[in-house]
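The chain that follows stands alone, in the form predicted on its own, written as C-alpha cells.
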C-alpha cells in the first residue's frame, strides 16, 4: 500500500514508544522502572471526577459546539486574561488535548517551505508537527552554560523569514524557565519580525519551584497578543492526561481557523470531559499545590543523585517535571559488550535491556548527549531507577 509522502517526514514519538515498551515488559512480568512519560503519578482530584459523573448522569453524551461548551471557553478566557490582554470566549478553542491545538496551529499557519523556529532542547513533537505541515525546521541551539535559554541574537538570526516560533517555558525536556527580563529580551527581538506568529506552549505553567516565578510572553509584551497563540490544557496541571482536554487562546481569525480545521477532523472534545475541565479550572486548587510541592521534593532529590554520579552533570530545572542529565563524558566510550557509544541512544538501549530502566535518549529533543528522566514518579521508583542508572554508568569504566 502506498502511503502519503508527508508521513515520511514524521518519526514515531520516542517517549510514547518507550513508555509502551515499558508497559509491555511489565505485563510480561519483568522488573522495569520507567522514567519516561510526562504524566503525573497523582490521581485526578475527586471534585473533577464528580463533575464528569454528574455530566454523564444528566446525559451530556451528545455533540457540543466544535470549539467547546460556552461555559468552559468563558472560564478559559478568564483564566488567561491579564493586564493588557483580555480574552473572550470567541477567542478560545477547546481541543482533544493541547497536542491537538499545537498540531492544528501548524496546519493553519504553515504552507510548504515555511520556516518554523524551535529552541533546543525542545519537545520532540514540535519539529514533526512543523514538518508534517510542509514546513522547514530551524533550531536555536542552547546549552547548560546558558541555562538552556535562547540568546536573543541567535533567535533574531533564526527568525529571519520565519512564519512561527514556539516558546515553551517551563521547558520540556530541560525544565528551563524564562525570567521576566529574559522573556522581555526575546519579545524585543520578535517585535522586529512582524510576520512571525508566536506559539506559547504554557502547559507546565503551574510547575514552578523555589523562588522562581512563571512569566508568559504576554505578561511582558501584551502588544504581541494579536500574533500570539497561547496553548495550555488540563493534562499536566490536573493529572488528566488520558481525559484529553486542551485549548488555545488567541486572535479571533486564528482561533476561527483552528476551529474550522477541527470541525473537519475530531469535531468537539469529549462532552463529559469538558465538564471535568470546567470543574478543574474553577474548583479547589489544593490538589495542584500539593502535587507541585511533592514534585519539588523529588526534583531536588533527583538532581542531587544525578550530580553525584561520576561523569554526569545535571542542570537544575526551575519548572516542569523533567531533568536532562548530560552524559557527554560517556560518549566515545564503549558499552560492556564492546559496542561504540556515539550518542545516548545505545546507552538508553543498554539501560532498558540489561538494567530494566527506561529513560529517553536526548537526540529526538535536540540534545544528543543527554537523556531525559521524568520525576513524575514516586520516590521508590525514582530511587530504584537512579540506582540502576548509577550502577550501569559506573560499569562503563
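Here the structure is a predicted model, which means the values were calculated and not measured. Positions refer to the first chain, counted from 1.
Just so it is clear, the following notes concern the form predicted together with glutamic acid (GLU), a form of the same protein that is not shown.
Out of the listed residues 87, 123, 103, 295, 123 is the one that sits within 4.5 Å of glutamic acid (GLU) in the predicted bound form by at least one heavy atom. Checking 10, 25, 16, 379 against glutamic acid (GLU) in the predicted bound form, a heavy atom within 4.5 Å turns up for just one residue: 16.
Heavy atoms within 4.5 Å of glutamic acid (GLU) in the predicted bound form map, among the stretches 329-337, 53-61, 347-355, 31-39, onto 31-39 alone. Although the partner is absent from this view, residue 299 stays clear of glutamic acid (GLU) in the predicted bound form, with no non-hydrogen atom inside 4.5 angstroms. The closest heavy atom approach of residue 372 to glutamic acid (GLU) in the predicted bound form falls within 4.5 Å. Contact annotation: residue 99 falls within 4.5 Å of glutamic acid (GLU) in the predicted bound form, judged by heavy atom distances.
Proximity of residue 262 to glutamic acid (GLU) in the predicted bound form: non-hydrogen atoms within 4.5 Å are absent; the residue sits far from the partner.
In the predicted bound form, just one residue of 309-326 lies within 4.5 Å of glutamic acid (GLU) by at least one heavy atom: 322.
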